[in-house]
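Just the one chain here, laid out as structure tokens, in the form predicted on its own.
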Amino acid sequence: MSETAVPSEPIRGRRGVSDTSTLHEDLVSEIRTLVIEGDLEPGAKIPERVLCERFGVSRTPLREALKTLASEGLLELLPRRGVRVARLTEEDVDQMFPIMGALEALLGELACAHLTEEQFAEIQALHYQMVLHFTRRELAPYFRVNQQIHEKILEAAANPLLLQMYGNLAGRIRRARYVANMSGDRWSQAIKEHEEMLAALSRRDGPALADVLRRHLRNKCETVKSYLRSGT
């Protein structure tokens, strides 16, 4: 299998990886984005040499970053054959989404019980930023802010164990979730669901937030499966 070409110039204006103590986190973040935004496609072999040159690092830190992403389910380690981007099937989605929905609903209820005014203000500000990207049809920044909103809600639950369990599943479907937002109808529906989330958070209404989070994920599940069936 040939290695996938990765542009040598910084993609979409993102900064390169700096030679600091955060090298590992920077590498993981940059490569994760390459996968999510499609620069490294499902099933493609990871071009280790190209990435080493792109980020100015040796094979050792790169491979540590790849191991981390493999633990998230985004990559697959192939014994003596390198690393490739993981593929996602409809069966994977059917197995994962009900579990994710239950975890996210529970985390939402806990978030309402622990949410501070400062945390709510941060989520509210991110929501308005996300809506702006939606009106401009800026998918990549929309998705990044969307992820930040969900992360802020989940972090407010103040339950690291549940958050870790959820993260282990969520990592595997980030690419599909990103592409699935391309549907105009689904995108508009997702915005309305986020408005309901914000309203439930403002009231600290745990059951209402749990309900909209489950529905939001269920709708996303169907969109992701439709995307996978299309083969695009």
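In this text, residue numbers run from 1 along the sequence as written. Bear in mind the structure is a predicted one, so any value in this text is a computation, not a measurement.
Not on display, but discussed next: the form predicted in complex with another copy of the chain.
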Which of 148-156, 117-125, 76-84, 132-140 lines the interface with another copy of the chain in the predicted bound form (heavy atom within 4.5 Å):
76-84
One residue of 205, 30, 64, 39 in contact with another copy of the chain, assessed in the predicted bound form (non-hydrogen atom, 4.5 angstroms)
64
Taking any heavy atom pair closer than or equal to 4.5 Å as contact, tell me whether residue 89 reaches another copy of the chain in the predicted bound form.
no
Since only the chain is shown here, I'm wondering whether residue 24 would be in contact with another copy of the chain in the predicted bound form (any heavy atom pair within 4.5 Å).
yes
I'd like to know if residue 172 sits close to another copy of the chain in the predicted bound form, meaning any non-hydrogen atom pair within 4.5 angstroms.
yes
Is residue 99 a contact residue for another copy of the chain in the predicted bound form, using a 4.5 Å heavy atom cut-off?
yes
Joint contact, 112, 190 and 195 to another copy of the chain in the predicted bound form, by non-hydrogen atom at 4.5 Å:
no
Does anything in 149-175 come within 4.5 Å of another copy of the chain in the predicted bound form by heavy atoms, and if so which residues, in order?
159, 160, 161, 162, 165, 169, 172
